[in-house]
Each structure stands twice: as structure tokens, then as C-alpha cells.
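There is one chain below, alone, in C-alpha cells, taken in the form predicted on its own.
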């Protein structure tokens, strides 16, 4: 449903409404009357909360649901402050509109584990304002002081006279009131929903199959489309021989678009058949010789180059030169695919004065701007319908699949649904960047680090997506977890060397933290061993200025039984990482088969401090999901390149962690009143280093490259045994 409103229709909206106007200076909470006045001044309020005469409460959600639970957690925030009856709460998905922009980002998008962090305050205030207005309305009806009235579970009560009135009955008088400028927020002890385990609102429809994902969209008179894209990066079509394709029954039109050639047909099978029958001559592309080997060589060649300094404390080189105990290590991590469950897809219908887009997108503002650029229509003529996302992980922030659908639909003049195959998902992704790091450190005679030099070679995501953020040539995503390294080392340097390859890179769950946590935390473990210190104590001693980091490490260690000998054959490793304002520590118990090289993870104990908690179930689910994704990347995943293109085509060549390989995962939440942290991504980073450190504990070998495959383990064991 489109909840965007006009000046004429706002006052006609059924029920009691609360709107939020996003302005350059922040947000404003408005009543119906105030919204009409604001529209006259150029603001664009949008309905976020409606209390209906039937006592139902309709909450509009401006974020995308891709499994992280925002369709439940965001309504919980409003409903708790409102004192709504949770059983009467319903949600609607916001359209793409200025009034639904994220007040921090200034754009309507979902990513960066930001949904709760950015929306918590405005949603709480909207719910609290509505509650105060309903109480004031009831007090006016009864002619009693508002202080004698109390809101409770969808009603207002006057204890002295024992009168009760429902929210639905107060719709009319409440609508005539102004929104309080500074509504009183609940105290933590007054919360009914926030901080508890609330079952998700989308469970039923996702269980019975009624939930609509992008790939489920059906529109009247719709055509299906598939796109032939170049095999090699940067290649262009030099000739298209489509005579045979035109004989395919059901084919309606062949369209040349920016990213390739689209085949539109009555069925997706006919579209695929037509594409298969067409011979396209592609150019050689940007680098015909691109391969795993050439990429690895390029990263190595860039490592000695001067980069840009992201952090410099003290004099690292002098400290290194003066030290007698040093450690020098290199770490290489491969490019990774997103491997979402639902392949990329988008449905679009472009008309003369209107464009409709049905998309599983993380980026409504980007989708709106893409359609505006292609169609030339005004934003108010473009209607973005956000569906459920069958996995996002950053991939659905991109606009390539939207662009294909809108361009094709514009050319055809009918609704068009573009569907990617699984092979296309792997071969035309925006990958997690490959990464090469060199870390050098020095220890004093007490085993304390005196210097830490970290040089990272990594492609830039931000130079393409957010070029304005590239201050002094630094990609903040590439150096996150390094530029804010919390270990207390007097001399620290972080240097970033940007490498540009033909391989497109994009946001991947936890972004730079997904690789930097591995390099930092495995290196920290090596330093602890060199210093002859317990890995936990070594970390704690370096984190005296960061009690939240110490707390998650201590809790994870306590629950895992750190300090007590594990079972025979089990190695135990620990790691922690700060990302998206949340601290996460993990302890891994693993075993290693010396004959096959296979690593088995038996248990992961996780402790998380994300500040105030909204839904405990969501936190545990996200920690588990992030941990599993981190383990999968650590043990199995890697994209393969050759002949100037991606060789990996499907799950047969891109192995993921199986259910049977998933360890027992325990999640412990630290009670915290610190600032809100994200939760969708922070579970990923500590998994890989915790396992790598546990492998060393089990068999005495350090694995500095990912993935930690059986072959890599066997090779490391041979080196350790002197047989290599």
C-alpha cells in the first residue's frame, strides 16, 4: 500500500494518524492538522502510525525485510511506547518516498546494520506522542486531569472512576490535538515488548507460503525476460545473430539494453530458449588473461607500493627497528559471492505517465533514482513496491537488476519480469573484495606489543558507490577494524593501498570487518603465543580502555569453559571484533582430521553487546546466522577466475556450509546501556579467526589464508612436520 499522502487527502485518512516529516535538520513528528500546515510550507509528511476505529494499529515500516526481523522489531518500538495491544498491530511496507528516508542517511535504504540504530529514537517518540495524545483526548472526554489517566494495552483508564475507553473510540478527539513537542518516553522498567522475545510477525506467511518475494510477483499482461550478458568483464557485444531465436514460440521481442540483450517471452522457458538460440559475438573485455593466478600476482605487486595513511600513532618504524622480538605475517582472502537464496529479479511496468517497480531491494531511493533516469518521469510518478527479500547481504543494494527490468519494460511497453538464473547470480555479482594484508609487530621484554604496522591491499567499494566519502583516498570500509583498532599499542600505523581490477566489488555482509577481523585476531593470537601468554589474558591486558570489549571476551570465555582443558583432540580458540557499534566475542571448539585435513567445528560460544535490546529472539537468530555465514566463508567459499571471467557457475563449485556441518551455537547477550549497536552483521567477523586460532590450538599450524580447506590444512601440516 502507498502510505504517501497529499495535502487534500491527509485529513480524510481513516483513524488517528501520526506522520513524520524528514527535513534537512532532522525529523518532525506531526498530527493531521500540523501535517496539513507543514505541506503548505513544502514538507512531505508520510503516515507512520495509524490508530483505527476498530482498535487496530497500523505501523508503516520503511526498511526492507530480508530475514533480519525488522518487520517485527521496528513495530515493537512504536507499539511499546504507544501502549498498543500487540495482537491488534499490523504493518504496511512503505513506498519509496522522501518522507520515509532514513533520518541519518537521508536515503531510504537498508544496510549497515542501521535499521534499529537509525529509527529507534524517531519511532519511540512517535509512539510516545500518540500515547500522550490519546490520554489527553480521554481526559478531555471525561473532563478530568490527564495525570489521572493511564494508557494500557490499547485503552485509557481513569482509575478513580474506573472508566475505560479504547483507542479506537478516541480516534476523533485525538486527531484534533497537536503533537506534544517533547513526549515523555517510558522508563526501561515500563517496557512490555522492548527487551523481550517476541515472535516475528512474518512467521505465518513465510511458513504457509503466502509471503510474496520478488520472484513471486505476477502482473497482468506480464512478459518474462532473461538477459544475455558478456562472458568477460568489460566486454561489449560486437554482433548479435538472432535469426534462430525469432523462431522460438512465445518470444515477443529482443531488446538491446545497456547490460546486454534481453529476450522477452510469454514464459521464462521460452525466453531462455531464445537466448540459447542466439549467437552473440563478444569483445575480449578488460583483461582476457584474468585468472586466480594473475589476481594474486597483482595483489602481491601492489603490496610494496605506497598507500594512503588511515592511522598513524607514534613512530612504528623506529619501534620495529629497536625491537628484538618481531612478527611479520601476510594474509590473503579471496573474492566471495553473496549466494542469496533468491536469485536477482525485478518486475517493471513503464507507461507514459507512470512507472511501477516490484523489487526485492535494499535500496528504495536508488531504485527510484534509477527509474527516474531511465524513464524521465518525476519521482511522484514512480511507484516502488518492496517485496520480501530472499537474502540480501548487501547484494540487493545494487541497481543492476532494477536497471535491466526498467529498460526492458520501457522498450517493450508491457510489464516485464526479469529473472536471473543461479549461474548468472554467481557470474555477475558485485563480489566481496579480495584482500592482502601484511602485519608487522614488535614485543618488549614483558611480551607487550610496542608496535603494530598494518598494510592492506584491497579494491574500493566506496569509490563506485559513495565516491564523496573517499576522503584523502581512503575507503573506510577497507580499513574498518584497523583504523579503529582498540588494542593499546603505543605505535600503530594503518596504510591502505587501493587496487583496481576488472572484478566488480560491493557490500558483503559485515563488509571490511569480514576480512579485517580475521587478519587482526589471528595475528593477535600469534603475538600472544610469541609472548608466551594466554590468548584471552593477552587481549584483556590490551583492552583496559575498552570495558565493553573486555566484557564480551570474559563472558564468551566463561560460558565456553576457557581455562579448563577441552576434550581430547579438541582445540579452542577465541576472537572478538567491534563492528557497527556492537561488540562480539566468540570461542570455537574444533577438531582436525590429520589424514584428510578436514576441520570440524563442534561448538561456537558467542557473547554480544549491542547496547539496549529490542527483541532477544532476533539478536540470537542474527548472531547464529552471521556466525554460520562467517564459518562458511572461513572454511569453504571462494570465487574462481580464469580466461577473463568468473569460472564459478553454481553451488557445485561454490560450496557452502551444510546443516550437518553446523556446530552448536550458544548466544549470550550482555546487558548494556551503551549506545545502540547493529545486529545483522556483527556476528560474521569473529567466526573465522576463532576457528583459525582453535586449529592452531588443536594441531599447531597457523592458517593465514582463507578458505581453510582440507588441502590447505594438509599443506600446512606438511610444512609443520618438515615434509613439504
Partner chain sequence: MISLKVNGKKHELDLSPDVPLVWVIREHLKLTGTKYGCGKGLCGSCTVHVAGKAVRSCQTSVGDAEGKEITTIEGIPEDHPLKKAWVKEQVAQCGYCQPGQIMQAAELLSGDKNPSEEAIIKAMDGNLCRCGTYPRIKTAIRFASKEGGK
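Positions refer to the first chain, counted from 1. Note that the structure is predicted; figures quoted are calculated from it, not measured.
Same protein, other form: the form predicted in complex with the partner chain, not shown, and the subject of what follows.
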query	finding
Contact of residue 331 with the partner chain in the predicted complex (heavy atom, 4.5 Å)	no
Interface membership of residue 324, the partner chain in the predicted complex, 4.5 Å heavy atom rule	no
Distance check, residue 650 to the partner chain in the predicted complex, heavy atom within 4.5 Å	yes
Contact test in the predicted complex: residue 267 vs the partner chain, heavy atoms, 4.5 Å	yes
The single option of 531, 261, 419, 463 touching the partner chain in the predicted complex, heavy atom within 4.5 Å	419
Position in contact with the partner chain when the complex is considered in the predicted complex, options 390, 571, 140, 285, heavy atoms within 4.5 Å	390
Stretch from 531-539, 235-243, 148-156, 337-345 whose residues place a heavy atom within 4.5 Å of the partner chain in the predicted complex	337-345
Triplet 61, 354 and 395 all within 4.5 Å of the partner chain in the predicted complex via a heavy atom	no
Within 4.5 Å of the partner chain in the predicted complex: residues from 611-639 (heavy atom criterion)	617, 620, 621, 622, 624, 625, 628, 629, 632, 637
